[in-house]
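One chain is shown next in structure tokens, namely the form predicted alone.
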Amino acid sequence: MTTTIAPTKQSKSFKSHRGSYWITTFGCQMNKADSERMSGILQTMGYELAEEELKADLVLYNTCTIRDNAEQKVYSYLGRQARRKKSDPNLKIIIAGCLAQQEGETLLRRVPEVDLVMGPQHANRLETLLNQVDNGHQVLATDEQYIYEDIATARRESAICGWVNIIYGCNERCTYCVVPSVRGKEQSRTPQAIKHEIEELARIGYKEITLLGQNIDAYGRDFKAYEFNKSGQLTLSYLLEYIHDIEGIERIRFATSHPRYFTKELIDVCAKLPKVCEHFHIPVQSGSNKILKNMGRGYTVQTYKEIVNYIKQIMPDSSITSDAIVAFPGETRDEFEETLSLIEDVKFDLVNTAAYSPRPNTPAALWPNQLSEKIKIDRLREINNLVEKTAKKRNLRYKDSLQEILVESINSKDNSQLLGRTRTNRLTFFPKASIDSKSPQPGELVNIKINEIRPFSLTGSLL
């Protein structure tokens, strides 16, 4: 997934104008949150957002390395900027994020036009690193770094829904995943810092926050005995209770969960806190116990089903979404069909799918039992067809129902419509109010009667 920060109304910089900038973001929600922080730093430094990428004085690519195609797309973009720099030597090119961390000096050798290569742990240090570039240095910042609390105000894409990092890094060792080596060890933020950030968002009108972490259920385990709960353990459950009553915030979400650490206690807390939305994203990755073991996931299919069944028992209206990898090394046809069976059995609202892609410095990339590209393409097509059918069946439950929607914005593809999401995170479109009545504004909660069902979105009418 690729996201580009586009022009929106922002407060003016406090420093003199230093030129224009453009940020393109590849990958996950954590990268999007990092880009928002780096955008805020650039504006504080005096940069203004460019109208288009090819006219920017500074171009920053915040990169992903979870799959090979994401890497190749970055290099394609880089080639375009490298050619620009031959005619405009003052152009600054920055590579941030996971690919930057993984490739490091190799990236500088491959694309010598790049001015700064910086890993995810250095996002808050962008101003310091850019000052070194301005002094004539080509900078490499990929050393392990403690992430200090933000001192810059993020330039957020939405004025209604905000990302809030609560834990950085990951200590897991899944055999296919490069994230721990590029994002570093787990580092939780303190509850006080998190609460302060959310209170600031509420003060300026945000209505929904999503707590973020690569492995969010691990929140707090890197702290020693903590005074905030009776067991001395700081947990996600505790944090949800700690921030729940912040005035102005209407909805709370969190992602991404790991089944190994997803507890009944957490489900119970979510059920009793009215602001926590009935949506859980819990990656399963495979429906085969053998493949899960080879992946190093640390749970079984039965354990996963127990989590899902408890959610359905306690919060029956919840939506459950997941991730799945097909054609993992050695995956047989029968093991692949176990994944298909799990999707049909659980009845996921949505599954993000991917064919296995060997990543550098991961054990699975070196195994001899890699599957062919043809098998990967065929299995990905088959699972996607099933996911679409399952999602549409799940959406049938919304037909003719009344749903509470948080209005987010105008539909960019149809200016006569507004868009927002259900509490269960289903994207919903609906017409603006008629000319003789007031149209809902972004940030308002409205009741929508759902009258059209699609696999991945809904359409309704305003009541």
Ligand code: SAH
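Not measured: the values here are computed from a predicted model. Numbers for residues come from their place in the sequence shown, where the first is 1.
Although it is not shown, the form predicted together with the ligand is what the next lines describe.
Heavy atoms within 4.5 Å of the ligand in the predicted complex are found in one stretch of 157-165, 252-260, 302-310, 238-246, which is 252-260. Taken together, the three residues 176, 323 and 357 all lie with some non-hydrogen atom within 4.5 angstroms of the ligand in the predicted complex. Taking 33, 419, 66, 49 one by one, only a single residue has any non-hydrogen atom within 4.5 Å of the ligand in the predicted complex, and it is 66. With the partner removed from view, the residue among 122, 379, 279, 297 that has a non-hydrogen atom within 4.5 Å of the ligand in the predicted complex turns out to be 297.
When contacts are judged by a 4.5 Å heavy atom cut-off, residue 104 does not count as touching the ligand in the predicted complex. Contact check for residue 283: a non-hydrogen atom falls within 4.5 Å of the ligand in the predicted complex. At least one heavy atom of residue 214 is located within 4.5 Å of the ligand in the predicted complex.
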